[in-house]
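Listed next as structure tokens is one chain, alone, in the form predicted on its own.
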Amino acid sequence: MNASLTTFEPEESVTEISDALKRDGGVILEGLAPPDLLDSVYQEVQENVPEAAQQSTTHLWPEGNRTVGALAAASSIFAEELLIHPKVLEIADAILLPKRTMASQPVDKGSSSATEDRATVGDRLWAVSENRQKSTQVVWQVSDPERGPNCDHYNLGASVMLEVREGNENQVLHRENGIYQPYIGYIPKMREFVLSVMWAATDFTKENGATRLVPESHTWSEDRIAKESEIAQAVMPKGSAVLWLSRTLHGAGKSRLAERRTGLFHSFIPDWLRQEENQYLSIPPEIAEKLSDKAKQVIGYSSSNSLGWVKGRAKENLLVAGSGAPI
């Protein structure tokens, strides 16, 4: 019997979904968005990106398949309806443990969140200590690995349309954290630092190359190679999404059909990590300023008190004037 992924309905609790995600390394959310919304995103991408620019000849996406980078710039519908989908952000909050939650309210200084948007002495993350000679020093303590915070907020890592066409083999299984290796090695019980989402813009079937994932592989040693019986496929109807963690083995499946299998991928990472795709060239200010405040913030046009700031700009929206710089 082949492995399988747990499937949830959109109305099921974030706690149940995130618990399964932490346990298995991947889950499916079926029927998360209306199918015609996915058609609208695809149509918008085709209108904005020439076919020649969609060609791919890389090892991960060989000739015949198609890719479109900077998806959040190519489709404002994707940016506003899928990238910041409330349910997905709720799950991202539960997995990445930001100090400033992204799902329930804007990431701004007027947030009504119970947790403040900056570390304080009262939250016991840091304190100013003094020795007998009256020298003072900021002393930090590690935050709770189960409760966080793991970051101030999280940002978009990459947003890409990934389209499988007939004629290619199964994509080599890989882990999302590979983009940071060997600089970040595997640390047992390490807090999560990448959450990936693949939206089905067409039905995902075994025959057309549905994404393959290996449940529980996020707990494996680096050199363990998955057996075919340990690999699950994210078979799901259009409008669904499959989510997985940084160390979960995954890869596109082989298509045996002439029809396209289109997925819309995006990832979230803590604000202290380098974004995989350079969002400030991919989605420059003249495009970003047309998006909602929440989309801007997720893309990366906001800062914490110590990272990403620009003097003379507001940290909750770096495109406008303000006093968000620490110096």
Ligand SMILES: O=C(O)CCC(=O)C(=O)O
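Remember, it's a predicted structure, so these values are computed and weren't measured experimentally. Position 1 is the first residue in the sequence shown; the rest follow in order.
Beyond what is shown, the protein has a form predicted in complex with the named molecule; the following relates to that form.
Asker: Tell me, out of A92, A72, M198, L245, which residue has a non-hydrogen atom within 4.5 angstroms of the named molecule in the model of the complex.
Answerer: Spelling it out, the residue with a heavy atom inside the cut-off is M198.
Asker: Scan E81, D152, D203, E176 and let me know which has any heavy atom within 4.5 Å of the named molecule in the model of the complex.
Answerer: So the residue touching the named molecule in the model of the complex, by this definition, is E176.
Asker: In terms of non-hydrogen atoms within 4.5 angstroms, which of the given stretches 282-290, 37-45, 54-62, 23-31 touches the named molecule in the model of the complex?
Answerer: Looking at the other structure, the answer is 54-62.
Asker: Just checking whether Q171 would be counted as a contact of the named molecule in the model of the complex - the rule being heavy atoms within 4.5 angstroms.
Answerer: Taking the distances in the model of the complex, the answer for Q171 is yes, it comes within 4.5 Å of the named molecule.
Asker: When the contact criterion is heavy atoms within 4.5 Å, does H250 count as touching the named molecule in the model of the complex?
Answerer: H250: yes, in contact with the named molecule in the model of the complex.
Asker: Is M102 close to the named molecule in the model of the complex, meaning a heavy atom pair under 4.5 Å apart or at it?
Answerer: Output for M102 is no: heavy atoms all beyond 4.5 Å of the named molecule.
Asker: Does the named molecule come within 4.5 Å of any heavy atom of L162 in the model of the complex?
Answerer: Residue-level check for L162: yes, a contact with the named molecule.
Asker: Could you list the residues in 211-235 that come within 4.5 Å of the named molecule in the model of the complex, counting only heavy atoms and keeping sequence order?
Answerer: The stretch touches the partner through T211 alone.
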